[in-house]
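Encoded as structure tokens, the following chain is the form predicted alone, with no partner shown.
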Amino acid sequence: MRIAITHISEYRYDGPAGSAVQALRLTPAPVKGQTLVSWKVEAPGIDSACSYTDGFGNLVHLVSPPADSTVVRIAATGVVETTDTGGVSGWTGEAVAAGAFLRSTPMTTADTAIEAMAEAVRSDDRLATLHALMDAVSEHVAYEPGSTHAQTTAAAAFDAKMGVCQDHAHIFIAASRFLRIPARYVTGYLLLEDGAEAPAHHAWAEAYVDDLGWVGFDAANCLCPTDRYVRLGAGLDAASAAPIRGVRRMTGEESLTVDVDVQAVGQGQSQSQSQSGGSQSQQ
């Protein structure tokens, strides 16, 4: 399947933007099941941007908009060809070893309730355990847009029994790491079925399985990623995998709008979403 994506982020300031640096993780990684047909990132300062691949395998561009900017527009557009691999990304070639993804973060720390859920699905078969864990998270946590925010922890969302895809991924990751299974947070895009109500800008988890490598688990939709998914980047949690992260030095207020459009090329199917919907990781 060929999927066309447009991802536009617009920052507005009530005065000059001042001194700012933004790290853009907006280029899909070349992993099993997806190939870039075309891709372009546009942003103030992109022509002179420093670029590198971070330890998690994400291509990063560092940009600095003009200090007198009052509007900063960042756009990523392109076409990705996908195949259904049953959720298997395989061995993705990042610098860090899989064991690095056993490290908990404040967003992905398991409390006693998450630990109890993880123990209930533990078995000698790692893949079976992970599928059972995905089912358990999906059953316990209802998908409820607006019920959480970007800083909501896995424990808080699990206790509330509701959240969005960021929360489902964080809970799955917290439980996996408690079971000593490396797991990581993945951002990306989802081409929706006709009539489905879900954000086009999406997030899920990957866990490491011997003999398979990294395997995706989308607890928000209770399935492993298919050819309708485009994998953008990965990290320890939503903050470390955020498509855009930055620091700025200024006074005044900042507002952000995000528009994401995902279409199956030539098939007349599309989904668009204003704001960042169920994936709250963009900053």
Partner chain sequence: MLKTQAYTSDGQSPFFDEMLRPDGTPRPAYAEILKWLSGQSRASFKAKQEEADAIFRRLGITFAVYGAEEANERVIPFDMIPRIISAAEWRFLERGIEQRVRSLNAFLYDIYHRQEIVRAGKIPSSMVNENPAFLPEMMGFDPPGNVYAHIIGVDLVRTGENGFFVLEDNLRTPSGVSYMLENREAMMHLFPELFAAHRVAPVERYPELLRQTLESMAPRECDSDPTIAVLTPGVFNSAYFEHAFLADQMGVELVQGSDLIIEDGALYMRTIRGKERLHVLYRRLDDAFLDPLNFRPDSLLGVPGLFDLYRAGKVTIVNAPGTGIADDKAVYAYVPEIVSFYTGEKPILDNVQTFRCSIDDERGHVLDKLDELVVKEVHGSGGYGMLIGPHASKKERADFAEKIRANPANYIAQPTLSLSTCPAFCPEGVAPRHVDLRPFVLVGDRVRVTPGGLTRVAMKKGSLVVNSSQGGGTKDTWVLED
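Only a predicted model underlies this, so the values are computations on that prediction, with no experimental measurement involved. Residue numbers count along the first chain shown, from 1.
The same protein also exists as the form predicted together with its partner chain; that form is not shown, yet it is the one meant from here on.
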query	finding
Position in contact with its partner chain when the complex is considered in the model of the complex, options L36, V258, L223, L62, heavy atoms within 4.5 Å	L62
Sole residue of G99, G86, G93, P106 within 4.5 Å of its partner chain in the model of the complex, by heavy atom	G99
Interface stretch in the model of the complex with its partner chain - options 210 to 218, 223 to 231, 53 to 61, 26 to 34, non-hydrogen atom within 4.5 Å	53 to 61
Non-hydrogen atom contact A242 with its partner chain in the model of the complex at 4.5 angstroms	no
Close approach of K161 to its partner chain in the model of the complex, 4.5 Å, heavy atom	no
4.5 Å heavy atom contact, R180 to its partner chain in the model of the complex	yes
Non-hydrogen atom contact T70 with its partner chain in the model of the complex at 4.5 angstroms	no
Any residue of 212 to 237 that, in the model of the complex, places a heavy atom within 4.5 Å of its partner chain	L236
